[in-house]
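Given next, in structure tokens, is a single chain: the form predicted alone.
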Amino acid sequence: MLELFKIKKNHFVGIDFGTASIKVVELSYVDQKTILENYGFVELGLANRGNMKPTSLEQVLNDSLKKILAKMNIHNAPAFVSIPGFSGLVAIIELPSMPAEDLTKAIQFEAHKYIPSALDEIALSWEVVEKKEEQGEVKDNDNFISKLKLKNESDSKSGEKIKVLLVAAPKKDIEHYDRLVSGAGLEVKAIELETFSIARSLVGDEPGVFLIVDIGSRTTNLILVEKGLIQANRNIDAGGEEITSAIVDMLRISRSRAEVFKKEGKDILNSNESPLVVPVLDLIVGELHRVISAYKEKNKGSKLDAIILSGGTSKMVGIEEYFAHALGEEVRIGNPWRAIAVGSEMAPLTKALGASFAVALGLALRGVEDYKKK
């Protein structure tokens, strides 16, 4: 039988379902290079998303996804899909070293402390992660639904402690996004929390300690990464929309003009004359102080290498200086395109997009990494 569309085994699609838009990236892996093939996004225009019926919201997402995939002419590549970070849980728990069968029960018992829902409604994933070289544990925090990797019981030491990366998300959310993407004609290869996608594209395996501040439209995700491994993750129920509202109120301009002003106007965050007061930024700074203090208290003598800003709001004029001054730490804008080969015609466009495509790129990079392991 003639195959109309043959699957491209070296092409990978990342689909980021954000609160304000859907972003899609297509990468290929050729001659040991990761290449940008295509990208696109579609605004959802869901001002009253919280008041929509689930069936109506799913229809909007389904139609929007089909629209952008048709425009990008994507129909024959494996898809990697994100779940919003606030929908799930990422936690590091410490346990005594024990046999695999006992560890499974212990983790499920510990999970009750972190997850209020019934465990049969939750998809759980965990990995044993090592801090000491001599332990020889396998570190792999990329997989959302993954196999447990353990040393043989005979290798464990008496009194030895292990750290476990626990990841959880509602099964109904996983099924929801799987249904959306499958309904658009793509094969879903993996679904993961966007927390991992962001860390993969902005930090990867870079050594050091980094704190990612991903400011989305309605939520902000704080991700502490040490040696490529997520150590802590917190979500704040506020984001770029609140910053836009503050600009609207201060300058008395329309919302559309305020969005443009954020990225192209003067620096009103650090102005000596009349600096803009944004409560949500104060809220983020306060939470960052708590995350940094908790890490340094637990890891005496450790230092933070950098704070990395991500999300559409990272393009706001003056925001890098604002966080550096408030926190006394090195701050930089994330660059998820740094390891991607981009054609000369696309380079100016991707530079303008900045870190707003961090999730979609991280998802597609998951496909590249899986392909390289084969």
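None of these values were measured; they are calculated from a predicted model. In case it trips you up, residue 1 is the first one in the sequence shown, and so on.
There is another form of this protein, the form predicted together with a small molecule, and it is not shown here; the text below is about that form.
Original post:
the small molecule isn't shown here, but in the predicted complex which of 171, 179, 263, 296 has a heavy atom within 4.5 Å of it?
Top reply: By the 4.5 Å criterion, the partner-contacting residue is 263.
**OP:** May I ask you to state whether residue 217 is within 4.5 Å of the small molecule in the predicted complex, using heavy atom distances?
**Re:** Taking the distances in the predicted complex, the answer for residue 217 is yes, it comes within 4.5 Å of the small molecule.
Original post:
Quick one: does residue 259 come within 4.5 Å of the small molecule in the predicted complex, counting heavy atoms only?
Top reply: Yes, residue 259 is a contact residue.
Original post:
Wondering, does residue 10 line up within 4.5 Å of the small molecule in the predicted complex on heavy atoms?
Top reply: So residue 10 does not count as contacting the small molecule.
**OP:** Answer yes if any heavy atom of residue 350 is within 4.5 Å of a heavy atom of the small molecule in the predicted complex; otherwise answer no.
**Re:** No - in the predicted complex, heavy atoms of residue 350 and the small molecule never come within 4.5 Å of each other.
Original post:
So in the predicted complex, are 20, 240 and 312 all sitting within 4.5 Å of the small molecule, heavy atoms only?
Top reply: Per the other structure, all of 20, 240 and 312 touch the small molecule.
Original post:
Can you pick the stretch from 57-65, 28-36, 312-320, 338-346 whose heavy atoms fall within 4.5 Å of the small molecule in the predicted complex?
Top reply: Stretch with heavy atoms near the partner: 312-320.
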